[in-house]
Ligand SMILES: Nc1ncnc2c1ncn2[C@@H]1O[C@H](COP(=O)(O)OP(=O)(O)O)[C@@H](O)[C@H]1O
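Single chain ahead, by itself, as structure tokens, in the form predicted on its own.
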Amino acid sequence: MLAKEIRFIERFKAQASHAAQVQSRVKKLDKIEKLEPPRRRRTLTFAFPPMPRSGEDVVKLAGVGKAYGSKVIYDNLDLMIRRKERWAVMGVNGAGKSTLLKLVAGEIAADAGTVTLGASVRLGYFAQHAMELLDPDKTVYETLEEAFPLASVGTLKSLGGCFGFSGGDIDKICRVLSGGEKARVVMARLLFDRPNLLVLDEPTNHLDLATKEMLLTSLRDFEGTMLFVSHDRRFLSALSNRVLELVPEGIHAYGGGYLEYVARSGHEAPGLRA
């Protein structure tokens, strides 16, 4: 309505025959309180670059044992992860979820047994402490440039923009970034590296809503294999097609995704009831 009235005023303000109508509309507009429209929610998009195809057997754990002092986490664990499987790892705090991911990522060694990655596996690992490993004196752009020295300036700026670092934000130094911004830098570097196996430990913990939505949408289209820990039920239900539950009595594998797991076990992701 405002736009229509303004167009009328602009069109006829110089014509004497419409002077009264123009004046009436000007007075009408002056009485209307002008409000700023709400800002549109930022939309982020990311498409995985082409990645090599892995073999059918992606990760094999055979007879794996792991303990921290007297606390036994795993004893004779066997697990096979195959191409395009998306395993959500469930369990209470201290059950060994992060330990399993570290074993697969090669961050820690098993006390017994073997952990073997299959042919042509290209691993991308997001750890809970990953943000602490960023060089605090480098900018976002320099961090991406260091990881991908052959990429063009335009490509790196576009990558930054995909993760919310548009304009001058890409020149922020990592020291001043919030926890969520650091997580976005780490995620950008990880996903652009063409992994075909993603090992993700609470990837949405520090992310804002727009980045969560982008990550969820991107991972739905991911053609590789996933092993992840999350307490976000939307993330779990949208991405998993297998569930590994860690309980004191042992380890239970469930075919089907998170919703099927809830229906069969009666268990839900802890801490979430919405």
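Just count from 1 along the sequence shown to find any residue number. Please read all numbers here as calculations on a predicted model, not as lab measurements.
Keep in mind the form predicted together with the named molecule is missing from the figure; the text below concerns it.
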Original post:
Given that the named molecule is left out here, which of Val176, Val92, Val153, Ala109 has a heavy atom within 4.5 Å of it in the predicted bound form?
Top reply: Val92
**OP:** Go through Asn196, Thr204, Thr143, Ser98 and name the one with a heavy atom inside 4.5 Å of the named molecule in the predicted bound form.
**Re:** Ser98
Original post:
Pick from 160 to 168, 119 to 127, 71 to 79, 178 to 186: which stretch has non-hydrogen atoms within 4.5 Å of the named molecule in the predicted bound form?
Top reply: 71 to 79
